[in-house]
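Presented as structure tokens, the chain that follows is alone, the form predicted on its own.
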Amino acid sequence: MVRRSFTAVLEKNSTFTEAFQTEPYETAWASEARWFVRVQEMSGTGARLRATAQISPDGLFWCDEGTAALEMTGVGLSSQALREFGHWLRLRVELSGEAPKVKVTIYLALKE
């Protein structure tokens, strides 16, 4: 039997200068999830990106999932695996440093 999988691109070449959250994504069918955060550009003194996975029972009210946040200080690709995450996922992203600016692509890969 072939396992079902799907990859959603939640942000594509998007530029941010302050904190944001990805759009919520319904994931009830999946047993595994993996976030991929690709930083294409980062500027600002001491710029840092911190991405925290969040879960929700209904896509309206959110709490942190509990896995350690992804932290990036420059261009590159980072990922985070999740299991037992319930029905909805999103990523909460915080930027720190002086005048931070990032250009990112964020993927959510799901597998049953």
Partner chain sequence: MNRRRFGLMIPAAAGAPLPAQVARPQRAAGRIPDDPRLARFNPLKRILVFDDFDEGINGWAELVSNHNGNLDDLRPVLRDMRPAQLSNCTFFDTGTHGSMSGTYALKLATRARQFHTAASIKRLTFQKPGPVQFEMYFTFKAEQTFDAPDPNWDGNFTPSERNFGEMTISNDVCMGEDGPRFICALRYRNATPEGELVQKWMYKTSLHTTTKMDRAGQTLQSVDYHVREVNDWKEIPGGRQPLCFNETSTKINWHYLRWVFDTAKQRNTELQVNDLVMDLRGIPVPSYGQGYRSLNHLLNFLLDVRANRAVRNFLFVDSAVISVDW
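Remember, it's a predicted structure, so these values are computed and weren't measured experimentally. Positions refer to the first chain, counted from 1.
Only in words, not in the display: the form predicted in complex with its partner chain, which the text now covers.
Residue contact check for E71: none of its heavy atoms lie within 4.5 Å of its partner chain in the predicted bound form. Contact annotation: H87 falls within 4.5 Å of its partner chain in the predicted bound form, judged by heavy atom distances. In the predicted bound form, its partner chain lies within 4.5 Å of some heavy atom of V9.
Taking the partner from elsewhere, R4 is found to have a heavy atom lying within 4.5 Å of its partner chain in the predicted bound form. Along 19 to 44, a non-hydrogen atom within 4.5 Å of its partner chain in the predicted bound form is carried by E23, P24, Y25, E26, A28, W29, in order along the sequence.
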